[in-house]
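Before any questions on binding or motion, here is one chain by itself as structure tokens, the form predicted on its own.
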């Protein structure tokens, strides 16, 4: 069995974001980067499946991005993946989801992957489109927002998280693709021995020009911080007085009591 896990490196969401010089994405100065949270669930599920099947599956990680994404790749290898592909692209942030999916599909078509795991979405762009677009390009059945996963005899059974907390059960026949949601598993911390082993694992570097043949369908035209809003008002004193003042504010400043 061959498994592909798609991994993206994203900024830590606690970072302070500022527009870059072009005003179309965030400036990377002083940002800390990490593996996209949802992709960690994808890596962990692939490794759990490998352990379930006695170590037989080969897990390949694939990440598109500049040189810094090697750190994300190393973490995935230390978690238990066998090898990795780095599609080198210093301008990956300007690629739309369709282009990213087409890059991955161009590599995956000749590899015969039985299962593909992706995160439900990335924390920076949040489109939730790459996984489903990739499945369509490869002709794979796809299940999204997966919070439960079972595999037996070429059949994947997943539990999907739907609106309002409802869960749905879906059965797919491999080859298949699933996008992983919070709650699917608890990603492991790489141990020191596995971190050392990861340094010796194969990382195949491919220039993006070899794989990208599609023009962008979407173009990001502007990235900006939210407009600053006025400060709030803290009401103090007797409760009755606070109520009277609140009613006055609602009448004067809003249409709630008009």
Partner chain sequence: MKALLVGECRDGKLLEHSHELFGFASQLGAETAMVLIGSEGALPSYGGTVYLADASKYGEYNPDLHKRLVQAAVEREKPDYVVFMHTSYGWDLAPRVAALLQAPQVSEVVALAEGGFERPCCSQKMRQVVQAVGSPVVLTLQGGAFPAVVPGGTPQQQPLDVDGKGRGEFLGYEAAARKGVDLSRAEIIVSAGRGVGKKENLPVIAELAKVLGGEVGASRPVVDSGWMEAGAQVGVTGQTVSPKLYIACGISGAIQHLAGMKKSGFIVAINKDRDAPIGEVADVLVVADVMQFVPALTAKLAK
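Quick caveat, the model's predicted, so the values are computed rather than measured. Residue numbers count along the first chain shown, from 1. Think of the rigid core as the biggest set of C-alphas that the two forms share within 1.5 Å after superposition.
One more form of this protein exists, namely the form predicted in complex with the partner chain; it is left out here, but the text below deals with it.
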Practice problem: Answer yes or no: in the model of the complex, does the partner chain come within 4.5 Å of a heavy atom in every one of 145, 165 and 183? | Solution: yes
Practice problem: Considering the partner chain in the model of the complex, find the one stretch among 100-108, 127-135, 84-92, 67-75 with heavy atoms no farther than 4.5 Å from it. | Solution: 127-135
Quiz item: Just to confirm, residue 224 within 4.5 Å of the partner chain in the model of the complex by heavy atoms?
Solution: yes
Quiz prompt | residue 169, heavy atom within 4.5 angstroms of the partner chain in the model of the complex | solution = yes
Quiz item: Taking heavy atoms only, is residue 139 within 4.5 angstroms of the partner chain in the model of the complex?
Solution: yes
Exercise. Although the partner chain is absent from this view, report whether residue 37 comes within 4.5 Å of it in the model of the complex, heavy atoms only.
Key: yes
Self-check item: in the model of the complex: members of 4-22 within 4.5 Å of the partner chain, any heavy atom
Solution: 13, 14, 15, 16, 17
Quiz item: Core-aligned, does residue 250 move its Cα 2 Å or more between the shown form and the other one?
Solution: yes
Practice problem: Could you tell me whether the Cα atom of residue 238 shifts by at least 2 Å between the shown form and the other one after core superposition? | Solution: yes
